[in-house]
Every structure is written in C-alpha cells, then in structure tokens.
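Shown next as structure tokens: one chain only, the form predicted on its own.
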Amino acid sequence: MEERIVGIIAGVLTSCSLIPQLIKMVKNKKADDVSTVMLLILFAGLGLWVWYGIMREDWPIIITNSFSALMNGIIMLLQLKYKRNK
C-alpha cells in the first residue's frame, strides 16, 4: 500500500508541473518560450503512460497521466492560438 501512495503523490506532482506554465501563458498571452517539439514528445509519452495504466488496470497511473495529457493539450492549443494572434 505504501508503494501506491508514493505513486499517487508522484503522479499528482508530475501532473501539476504543467500548471505554472499554463498560468504564465494565459496571463501573458504568449507562448514564444514553449517548445512545440517538447510538447509533442511529452504528449506521446503521456499517452503511452495512460495506455500502460489501462493495460495494468492501474487507476492512479491512468488518472494522473490523463490529467497531465489534458494540461499538455491545453498548452498546445493556447500555443496555436497565441501564435495565430501575432
């Protein structure tokens, strides 16, 4: 059970790591400093983590990585939006 708690905490912290970038982008209405390649690689990795979680039926992996993928997707959409507004 202790392993599961460590995994949940790690997943929550990793998921929340994108929130400051998202807030900064919304506040400044700029996405110049965000690498599109990094976002695409991260999105692919998160998708694979979700798939892995589904195969293992491991809900903490599925939920935390789905949330991260959602945050990453929002950042990618904002990046497109702000680049078009230039």
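For every residue, the number given is its place in the sequence shown, counted from 1. Everything numeric here is computed off the predicted structure, so don't read it as measured data.
One more form of this protein, predicted in complex with a further copy of the same chain, exists but is not displayed; see below.
S66: heavy atom within 4.5 Å of a further copy of the same chain in the predicted bound form?
No, S66 is distant from the partner.
Heavy atom to heavy atom, is L48 within 4.5 Å of a further copy of the same chain in the predicted bound form?
Judged by the heavy-atom cut-off of 4.5 Å, L48 is in contact with a further copy of the same chain in the predicted bound form.
4.5 Å heavy atom contact, L18 to a further copy of the same chain in the predicted bound form:
Because a heavy atom of L18 falls inside 4.5 Å of a further copy of the same chain in the predicted bound form, the answer is yes.
is_contact(V26, a further copy of the same chain) in the predicted bound form, heavy atom dist at most 4.5 Å
No, V26 stays farther than 4.5 Å from a further copy of the same chain in the predicted bound form.
In the predicted bound form, residues of 17-44 near a further copy of the same chain [heavy atom within 4.5 Å]
S17, L18, P20, Q21, K24, K30, A31, D32, D33, V34, S35, V37, M38, I41, L42, A44 sit within 4.5 Å of the partner.
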